[in-house]
Ligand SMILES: Cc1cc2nc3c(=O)[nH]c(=O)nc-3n(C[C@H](O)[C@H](O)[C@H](O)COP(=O)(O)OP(=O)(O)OC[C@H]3O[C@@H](n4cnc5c(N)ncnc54)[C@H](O)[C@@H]3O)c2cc1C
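Take a look at this one chain, the form predicted on its own, written out in structure tokens.
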Amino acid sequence: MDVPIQQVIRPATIAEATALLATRPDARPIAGGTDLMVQLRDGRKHISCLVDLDGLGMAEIRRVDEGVEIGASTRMHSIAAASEIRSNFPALAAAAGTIGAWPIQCRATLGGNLVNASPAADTAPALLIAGAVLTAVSTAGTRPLPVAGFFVGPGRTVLMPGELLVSVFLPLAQVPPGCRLVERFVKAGPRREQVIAVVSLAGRAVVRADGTFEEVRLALGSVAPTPVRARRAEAALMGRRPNQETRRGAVQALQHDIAPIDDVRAPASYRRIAAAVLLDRFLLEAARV
């Protein structure tokens, strides 16, 4: 693969990595490289130095107080297989397991999927419904970044020059007594496997014993310039049972939450229909699980 890289630096610590990024405007961090290397090859990125993040201790999944922390360099196959993720954040486990083929999942990292800032990033909707908080580090210090405000536009985030995403914190869901939690991730595309989502949806519902919704969180990818929460659809569902009338109202509200475009993968009209179908299926499943 012909890429315009002149130097690869392997720092020994995160502090050394951030110092390099602060002083080398031609440098870019790399972990899995499944997006970055393609962008370099195609001429969409122009950098001459890579800062290799492997070996910096950022590829761990660990239980912490009131949540789970995932290092930014953690590979997708590890996230999909981790018992802590599968049991507490099944939407994220499912999303990680749909990214590319197995070899890609063995290289692609959570941090890369987020920093690449594709509107179709599979892990983003799952992190949005989880209320994830990202941690970024630079020579100026550490700052928390709620995932809800992380994406600015296609390929753009709130990360500052020289700032490095190091971890993702997922707070454990609080389910009231007598309620049950339903969480899913699904995406639509032209084939079943190895597909970039035409539409993706992550849903989390806390269902009371009487079948009404205590809480609903919905997030979608590939339907706006960034992954988005469907706030209007959520509001249409709160305190209601997912009967036909309620589902119809939520689907109508959803159309005001999204702003899809026509592109080479699908027209906007199809994306609107697909988003409606994915939402309706999730609500039906939440009603009967």
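Residues carry their position along the shown sequence, with the first being 1. What you see is a predicted model, and the numbers here were worked out from it, not measured in a lab.
Below, we turn to the form predicted together with the ligand, even though it does not appear here.
Partner contacts here mean any heavy atom within 4.5 Å of the ligand in the predicted complex, and among 138-146, 160-168, 83-91, 204-212 they occur only in 160-168. The three residues Arg28, Met76 and Gly112 all sit with a heavy atom within 4.5 Å of the ligand in the predicted complex. Although the partner is absent here, Pro242 sits far enough away that none of its heavy atoms falls within 4.5 Å of the ligand in the predicted complex. Contact check for Ala132: every heavy atom lies farther than 4.5 Å from the ligand in the predicted complex. Arg107 belongs to the set of residues with a heavy atom inside 4.5 Å of the ligand in the predicted complex. Contact check for Arg63: no non-hydrogen atom falls within 4.5 Å of the ligand in the predicted complex. Between the ligand and the residues Ile258, Val251, Met58, Ala236, the one pair within 4.5 Å by heavy atoms in the predicted complex involves Met58. The contact with the ligand in the predicted complex, taken as any heavy atom within 4.5 Å, belongs to Ala121 out of Leu128, Ala121, Val199, Val216. Contacts between 32-55 and the ligand, taken as any heavy atom within 4.5 Å in the predicted complex, involve Gly32, Gly33, Thr34, Asp35, Leu36, Val38, Lys45, Leu53.
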